[in-house]
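Alright, here's a single protein chain in two forms, structure 1 and structure 2, each given by itself as structure tokens.
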Structure 1
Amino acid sequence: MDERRTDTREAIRSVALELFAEQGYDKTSLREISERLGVTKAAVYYHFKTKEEILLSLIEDFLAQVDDVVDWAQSQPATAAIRHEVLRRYSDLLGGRTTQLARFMQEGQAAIRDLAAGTEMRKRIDRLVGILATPGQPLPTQLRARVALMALHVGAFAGRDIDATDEQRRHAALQLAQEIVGPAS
């Protein structure tokens, strides 16, 4: 019943995610976060040592899920079917809880670039790319891996002007991404 304990910390994360997604990391000030929460800035600093730590704490959730996908893939044979399944799982990720997060990571890369969070994110995406196309493979294959992921991103949050539900868009994007990395046969 007494769930107050972690209430504020979670509330901060929640509000921060909302604002980061809305306006970007840079443009979101701690004043904004704390005001929308009805607490003081100092209260936020009680729960997180720095602004970046909020971001990190947010990102880690998503990154852990990406790691899961990659880890699973590495325990499987490197077949086309597995690659398709990787895309499907990553697509699911983008549609889940972390949608907003993923979006603002995509859109606000510049703002995050130098932060630890940015480095970490790039590392994980690289791992993911590495599953779809190992470093030794030819240029077109490399490119296809990256573009396939981009396709999923477009489906998840860059194509909202298209007249379709989120579901439909994500599904269509998955199809396309799978086609891009090559036939499953």
Structure 2
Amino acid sequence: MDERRTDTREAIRSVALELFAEQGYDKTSLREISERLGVTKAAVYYHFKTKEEILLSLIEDFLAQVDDVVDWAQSQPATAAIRHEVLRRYSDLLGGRTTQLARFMQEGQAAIRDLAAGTEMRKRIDRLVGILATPGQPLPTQLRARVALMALHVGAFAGRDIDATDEQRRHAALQLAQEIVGPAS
């Protein structure tokens, strides 16, 4: 019984994310989510009282994965090789199962900005920047850290008009991000 409940909850999250990506967060309703899933609105409501709860559950999962990357990095020596590995791990997050969520978060910033999750995402990005360039380093070093993360986002979400696969764009963006933060040695 618990497995079926978990499956339904996960299906709701998946369908909601598809709809958020297709038509935007503001234009998606719980009714549309239930219709696409083929369940009653009450079934959706049993798991999530609002579409904001659905979005928050998706974002919280992504943020937990970002926290894992940061926590791992903080347990390592602060070396150039570790910074490169942080970029690789974050790139993997943007290209893995969470690609659609990460893309929605990038494109739907207006919908997320006022939610607590938007603030939490900015905190996680700041933590990643802090791994790539510790506070007190020269301004160019701090900016390189932010630009490197932006390069990963561009590789994951933009450039769809470039004749390359998602994987090829992400790989090229990772190479660029690693060059931006400096050599691994």
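Throughout, rigid core stands for the largest set of C-alpha atoms superposing within 1.5 Å between the two forms. Here the structure is a predicted model, which means the values were calculated and not measured. When a residue number appears, read it as a position in the sequence of structure 1, where counting begins at 1.
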**Fill in**
Same chain, two copies; the copy that is the form predicted on its own is structure 2
**Prompt:** Does the distance between the two CA positions of residue 38 reach 2 Å or more between structure 1 and structure 2, the core being superposed?
**Reply:** yes
**Prompt:** Once everything's superposed on the core, is residue 12 shifted 2 Å or more at the Cα between structure 1 and structure 2?
**Reply:** yes
**Fill in**
The rotation of the smaller rigid part relative to the larger between structure 1 and structure 2, from C-alpha superposition and in whole degrees, comes to 15
